[in-house]
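What follows is one chain in structure tokens, specifically the form predicted alone.
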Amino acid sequence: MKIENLSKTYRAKGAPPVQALRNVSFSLPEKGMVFLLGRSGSGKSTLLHILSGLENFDEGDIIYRGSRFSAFSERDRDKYRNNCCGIIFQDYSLITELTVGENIALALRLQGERDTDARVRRALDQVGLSGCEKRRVTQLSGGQKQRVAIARALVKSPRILFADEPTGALDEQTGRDILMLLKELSKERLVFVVSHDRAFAETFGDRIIELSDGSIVSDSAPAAHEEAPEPLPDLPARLPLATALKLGCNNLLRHPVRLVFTFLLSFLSLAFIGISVTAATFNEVDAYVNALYDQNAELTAVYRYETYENGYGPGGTIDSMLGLPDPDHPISITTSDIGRLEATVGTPVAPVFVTDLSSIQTNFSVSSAQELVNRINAAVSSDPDDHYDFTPNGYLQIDEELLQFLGYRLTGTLPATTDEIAIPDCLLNAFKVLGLRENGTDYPISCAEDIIGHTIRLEFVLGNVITGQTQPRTITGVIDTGCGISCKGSHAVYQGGLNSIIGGEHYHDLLFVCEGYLPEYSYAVVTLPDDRPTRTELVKLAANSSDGQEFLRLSNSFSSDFRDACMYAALLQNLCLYLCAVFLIFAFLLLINFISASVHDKLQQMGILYALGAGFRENVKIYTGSALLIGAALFLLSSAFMPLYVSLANAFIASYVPAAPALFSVTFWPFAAVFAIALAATFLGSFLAMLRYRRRAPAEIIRMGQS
């Protein structure tokens, strides 16, 4: 090793610069014991730190086997410390979290060695500490700690041993024993010792160099032969993950109260982030599909609505209060809509025209409305399993495909022209009780065949407007919907705003007509498919149908409450959007601050690892691994409470809309968000905490840890 014009100046903020070394030049042999003497402040430790790669220099250069320190990258310096030199510190600089054997084995494992036990025992034998592998560092005397430090430096067979005041904290006899050991080791390698004891230097040294005020004032043997050029060993440091985790966890557990406090606050922050992401990722389509399943819905009505400009009807909110058209105004559904619905669900769609056909009562063989009521009541009392309907509520367009799909039984034929109709079995039951009056003649009705071919007159009613027109319609068939009194209203579909309930699978209060009977219809009834993808496509069809003036809307027993609940879901989304950002920043800062404090508490340990050859990545691994364990624990705990987060979000909606279906459900995204945030916060916390020390020399980091 050749040192050329080496200079080093320390510059501290607010203090004058101190020049530690001034144009120092000398050469060192490949083996032997060289002492560096000088008073305190003469630059001895600075020179040793520079030669061992622990400190940077300002001017000059060092040539080691043909390699110049000035050309070293950060990685080269790590390889030099890891493979070429061993360092013995005055204060031992052992890692108290590791046993004696683990401290020594660490130097080997940084070189990628796995089978270290035999070499550790051999190193302990060399320093006279056989059998001490399992002992704690804190159980050793000062002389024993120094021997462990020597064994740690020696175990990787370095070409140079640097010893900084190895006897400074020892009694005279122990110090003499240590120097005798180093003298023996110097037969095979260079041992460079910094000391203040001239007597020891003259007794054990092969060469004595003396410094004063940063300059060499004497050198007992200045000549040294040239070293043959040789590249640095390409063995980058590799800190085992198990060792890194052990060190990291011990470091984090150094302040358990602070750890628990940080963990709880971080958990609360992540919990709120989980709620926020649940709200932020709320999807009306998915929520509506889930509600269809939760409510066991089998049918849904589809309406077309007209949206007035600015969301108001022709007369504004006063009209709504008076029961006039709402801002979302239902209009006729089109044949095009029906075609799109059928193409989406893949099954027939039933278009319905809602009206009040009260004039059908004139077709019964009764003299008064009271007689009609009395006969029906008597029939219901005698046979409660049958259902009687004498006021149809509209028309259902039907064909053979829809009939087969619904599974209804037909007596007679389906209507083929607009002059024909088919009636449901519940209306046939009414005719059985009340009789049929046709053109002034009364006919008893006892079965479906008795009424087929007869003509009844319907008074056409649109909304509440009676047209005054009677239209004769020939009955071509009777459709058995299988509906009795016990199922009236079951599987019902609620038509919002029209107060109309139809028997979901039975259409028991509608007249059956052919295609083209009416030019338009009030709504369509869709049988919900069982599979989720098709249901989703149906809901998407309605959700994406708006053209700015009109839109489709699904309407059923819960849709009105669902729409109200969605307004509060939007409110929750907006609220969480801002609070989530606050809690996200809070969680990041909390974890980063905790990890930074943990790193700062263990700066000396970090400096020791650098001195042993560990690079920046290996030091980051210590805190990153343990921090990621915290992040994983936070994720698992938060995930366990995820259903609670979802229930809290649904409870918020239910507090305003009690009858609303549950909108929020446990999905992938809250888990993913909490996982990403927990791990990102802990990883960045450890990385950023370490980054601030990356450009500092190992010796400086050790000094910071000692202060």
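In case it trips you up, residue 1 is the first one in the sequence shown, and so on. These numbers come from a predicted model, not from an experiment. Between two forms, the rigid core is defined as the largest C-alpha subset superposing within 1.5 Å.
What follows is about the form predicted together with adenosine-5'-diphosphate (ADP), which we do not show.
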Problem set entry | Answer range among 646 to 654, 44 to 52, 62 to 70, 670 to 678 for contact with adenosine-5'-diphosphate (ADP), defined in the predicted complex as heavy atoms within 4.5 Å | 44 to 52
Problem set entry | Residue contact check: Arg703 to adenosine-5'-diphosphate (ADP) in the predicted complex, 4.5 Å heavy atom | yes
Exercise. Hey, in the predicted complex, is Tyr10 touching adenosine-5'-diphosphate (ADP), heavy atoms inside 4.5 Å?
Worked result: yes
Exercise. Heavy atoms within 4.5 Å of adenosine-5'-diphosphate (ADP) in the predicted complex: does Leu684 have any?
Worked result: no
Exercise. Though only this chain appears here, would Val18 touch adenosine-5'-diphosphate (ADP) in the predicted complex if you measure heavy atom gaps against 4.5 Å?
Worked result: yes
Problem set entry | Core-aligned C-alpha movement of Leu36 between the shown form and the other one, 2 Å or more | yes
Problem set entry | Core-superposed comparison between the shown form and the other one, Ser45 Cα displacement 2 Å or beyond | yes
Exercise. Can a Cα shift of no less than 2 Å be assigned to Glu537 between the shown form and the other one, given superposition on the rigid core?
Worked result: no
